[in-house]
Each structure stands twice: as C-alpha cells, then as structure tokens.
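In the block that follows, a single chain appears as structure tokens, in the form predicted on its own.
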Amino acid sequence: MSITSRRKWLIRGLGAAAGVSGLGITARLAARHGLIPPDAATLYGLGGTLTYASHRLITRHSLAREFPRSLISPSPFANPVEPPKEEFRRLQAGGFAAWRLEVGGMAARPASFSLDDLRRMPSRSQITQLVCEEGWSYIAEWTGVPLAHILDSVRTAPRAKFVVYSSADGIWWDSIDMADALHPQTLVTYAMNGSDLPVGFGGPLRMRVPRQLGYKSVKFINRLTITDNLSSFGKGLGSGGPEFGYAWYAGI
C-alpha cells in the first residue's frame, strides 16, 4: 500500500470511528500508528487524540498563514505573565548578555548558546498571528532561529520524538513533537516587529509555534531538552497545560 493510500485509509478509519461512537476505537486506531498524545488519559484525552491524529495525517507539513506587513497589529496585547524575579532582573540589567539557552538530552553535542550565538545563526522572519485560547489575537513579525537548525547543530538523536522547552521561572514548560520541532515556522525568537523581543512578550527568548494556540509559545525560555519519552517531565502529560485543563496538542 502506498503512503498516500495508507493515509487516506487511516483518515477514513478515524472519521468512521468517531462518527460511529467510537472515540475509543479511534484511540486504538491512532495507537496503532503511533499518534497518541501524552495527555490521552485525561478527561478530554480521547477527543484530543482524534484531533492530534487527524492533524498529523492531514496537515503535517502545512504552513500557518503569513501576512503582509500592512496587517501587523498596531497595538499587540502582551498577555500579562510576570517575568522571573531577582535573577531575571539582574540579567536584564546586563542587557541579557549572560542569558543562556541550554540544549541537552538526546543530543550528541549538548550546547549552551548566548543571545549573540543565536543571532549569528541562520535566521527567519515571519508575520504570523498569535491566537489565544481566551479569544484575543494579534499579528506580529517574529524573528529568530528555526528550532530545526538548533536541533541539527547539537546532532539530535534519530530516535528523538519530542522537544521540551522550559521557562526561566521554573514553572512554565511545554513540549512539541518532532513534526512541529522541525517545521520551518517554529522559531526560537529574539526579535519582534524589527526590535529586540520585549520582556512583556517573552523576551529575551520565546518559543514561537504558529501552528498551535498561543500558550504553546512559552516565554522566557532558557532550556531545551530533547527526548523520546515525556513520562518523567512534570506529571507525564507533555506540558503543564493539561494539569490545568488545557490540551497538550493545541493545533489550529
């Protein structure tokens, strides 16, 4: 069976399973093809499994919409999240010169990158919409390093399945699968609308995942961990979000 035929068969199977009554059947079918999200056992996990599996089959390589510069929002909304306290303020006072992005886990060459290191890497700019689960959104230009380039530079192990990214506050963290981690629009951003990324918007570094809702774009990131298993992170649900009722996969 060709890849295209297999994909069509699985999509029809997922749709039929869901239409019949069958979220449980859907979960088993998705499991057979390795498309079970880490929060599948939560209250809304079966619905999340259907969404995740369907999106991965249909939109694995799709692009988030990019906008012309004329549509950049004049007053973007900085969702209020307090930055870390004393250590963050010390780093901010020094222009974040001592900020580091630590990259480790399943990597042959773990590394620690400064902001200058990241700015010297190949960069990409994109004008995309950040969509919040609370109903607001804005369009901005984001500039940064494709996450795929960072993963390549540390020689990510072929069997890796996820990238976990953590905030400097030690509280906020999330993860994405390799389909999103290697996607060309997934950026480790350090600039917004032509200037350094403001602290209110997650500066000095923010993950930007434009194919998912805004809470996946964690602010103040300082660590990436490459892994093939999420069970040892937090409560094993793939991110902090599912612990508060959100889904691990927030595809839009």
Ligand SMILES: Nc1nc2c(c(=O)[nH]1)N[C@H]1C(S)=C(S)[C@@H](COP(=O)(O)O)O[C@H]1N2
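Throughout, we count residues from 1 along the sequence that is shown. Basically, rigid core = biggest C-alpha set you can superpose within 1.5 Å across the two forms. These numbers were taken from a predicted model, which means no experiment stands behind them.
Below: the form predicted together with the ligand, not depicted.
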Worksheet item: Which of E102, E133, D117, E141 has a heavy atom within 4.5 Å of the ligand in the predicted complex?
Response: E133
Worksheet item: Looking at L71, A93, A97, A78, which has any heavy atom no more than 4.5 Å from the ligand in the predicted complex?
Response: A78
Discussion item. Taking a heavy atom within 4.5 Å as contact, would all three of G234, G245 and W248 count as contacting the ligand in the predicted complex?
Written reply: no
Discussion item. Check Y190 for me: does it contact the ligand in the predicted complex (non-hydrogen atoms, 4.5 angstroms)?
Written reply: no
Worksheet item: Does Y52 make contact with the ligand in the predicted complex, using a 4.5 Å heavy atom cut-off?
Response: no
Worksheet item: Hey, in the predicted complex, is S167 touching the ligand, heavy atoms inside 4.5 Å?
Response: yes
Item to complete: Please run the contact check for G47 against the ligand in the predicted complex: heavy atoms, 4.5 angstroms, yes or no?
Response: no
Fill in: Segment that reaches the ligand in the predicted complex - one of 55-63, 179-187, 214-222, 34-42, heavy atoms within 4.5 Å
214-222
Practice prompt. Within 4.5 Å of the ligand in the predicted complex, which residues of 96-125 have a heavy atom? Give them in sequence order, or say none.
Written response: none
Practice prompt. Could you tell me whether the Cα atom of P76 shifts by at least 2 Å between this form and the one not shown after core superposition?
Written response: no
